[in-house]
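Next up is one chain by itself, shown in structure tokens, the form predicted alone.
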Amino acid sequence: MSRVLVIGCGGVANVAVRKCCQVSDVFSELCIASRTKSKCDALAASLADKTETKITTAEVNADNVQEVIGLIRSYRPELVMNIALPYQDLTIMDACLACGVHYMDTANYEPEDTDDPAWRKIYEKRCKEAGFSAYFDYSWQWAYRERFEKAGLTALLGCGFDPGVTQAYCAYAKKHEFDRIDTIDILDCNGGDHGYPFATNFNPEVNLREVSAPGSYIENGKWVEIPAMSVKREYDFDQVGRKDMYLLHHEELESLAANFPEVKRLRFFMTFGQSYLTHMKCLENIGMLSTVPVDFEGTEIVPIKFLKALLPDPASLGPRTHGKTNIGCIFTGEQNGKKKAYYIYNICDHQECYREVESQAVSYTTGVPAMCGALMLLTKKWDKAGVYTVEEFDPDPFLDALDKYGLPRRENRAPVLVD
């Protein structure tokens, strides 16, 4: 019996809340809070006669730490599930520390204003020292470790699919399949078709920044950075088929490099169609991906925020998206003195997701792990004070929960490797 505050009411939050309501013996009370309370009210109303979970709603500006503190003190949850924007991670972590409440999110911190001089100074120092230039990294949240430890609180970072489940797959492989892991390739394939010429499957501000940034990977303990979309491979994905995939920078590489220092190479690949890439490059070339405000007829607007308003809402894609996702990890290494390869992955069907929770599979594959991570914390299967990423916990109960609640694992012990 637990009381949980969910901050955010987009596509992923919709899935996470609906899945929490399927486990009402643990999630006995939920408060859904967002800047737009009407969205929370609509979600709560749609679940009113379908769950025993008691649902309330609230309005909150998650950019304002005092507002978040006020809401937490009023509602008194045991856990705050941050399913808002990564820009708001630190604000919500500050509020949780002030109120003595456990914290979790689905993506690591990045700033909304990448031209802020104070942030820029720290960022440029990190680029030189670490060797990669992505705007998002774990250093800002890892800086909270000692405070969460002293407070006896847990902060669980990046508990979606990637990051999240992919790190649990890595911990599982290390625990059960290998004595030594040499390489890890994370492959994210979305074989879905929503019918639009161009749309993003999750928040456009986050998605387009991520994809347009330089790619990077870990080789022998060091970052290697490459131009955006400059490394392409083709892979034949189970139940999806052959797809082009591109090497990207992704946040779990950073934490895996820290927690699995023996691994010689860490890479992340994601599939994209040519139409998506052409549209994105055009938008980038004309400045629509910029976060720098511009004056338009006397009004200051941020181009990427304006673009977000023009694009289809990712939460609206569910009814029209068909096809499947395939996300997992390919490992090479050694067990019992013999070299081996191992592939653990999940396949998720867009239409099956929509029938269950009125969502496409990209939101589903993030929302279900968020619920399962919260389940681990609330049932004390994951229970240690501090700031942690998923691979730092026992993967077994988490993967068992994913198997049970909609994202079952599959295995291939003779996978085709990525060259």
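Note that residue numbering follows the sequence shown and begins at 1. No experiment lies behind these values; they were computed from the predicted model shown. We call the rigid core the largest set of C-alpha positions that still match within 1.5 Å between the two forms.
Not pictured, yet referred to below: the form predicted in complex with a further copy of the same chain.
Student: Which of these residues, G287, G241, P214, G221, gets a heavy atom within 4.5 Å of a further copy of the same chain in the predicted complex?
Tutor: Flagged contact: G287.
Student: Just one of L153, M270, L283, A315 has a heavy atom within 4.5 angstroms of a further copy of the same chain in the predicted complex, so which one?
Tutor: Contact check passes for L283.
Student: State yes or no: in the predicted complex, is some non-hydrogen atom of G333 no more than 4.5 angstroms from a non-hydrogen atom of a further copy of the same chain?
Tutor: So G333 does not count as contacting a further copy of the same chain.
Student: According to a 4.5 angstroms non-hydrogen atom cut-off, is I347 in contact with a further copy of the same chain in the predicted complex?
Tutor: No.
Student: Is the gap between Y87 and a further copy of the same chain in the predicted complex 4.5 Å or less for some heavy atom pair?
Tutor: Taking the distances in the predicted complex, the answer for Y87 is no, it never comes within 4.5 Å of a further copy of the same chain.
Student: Given that the partner is absent here, does S139 sit within 4.5 Å of a further copy of the same chain in the predicted complex, heavy atoms only?
Tutor: The answer is no: S139 has no heavy atom within 4.5 Å of a further copy of the same chain.
Student: Considering a further copy of the same chain in the predicted complex, find the one stretch among 297 to 305, 232 to 240, 256 to 264, 165 to 173 with heavy atoms no farther than 4.5 Å from it.
Tutor: Of the options, only 297 to 305 has residues within 4.5 Å of the partner.
Student: Using a 4.5 Å cut-off on any heavy atom, which residues of 165 to 198 would contact a further copy of the same chain in the predicted complex?
Tutor: P197, F198, in sequence order.
Student: Just checking, between this form and the one not shown and with the core aligned, does K308 shift 2 Å or more at the CA?
Tutor: Comparing the forms between this form and the one not shown, which are aligned on their rigid core, K308 does shift its C-alpha by 2 Å or more.
Student: Any CA movement of 2 Å or more for E234 between this form and the one not shown, core superposed?
Tutor: False for E234: its C-alpha shift is below 2 Å.
Student: 2 Å or more on the CA of P293 between this form and the one not shown, with the rigid core superposed, yes or no?
Tutor: Yes, the C-alpha position differs by at least 2 Å between this form and the one not shown.
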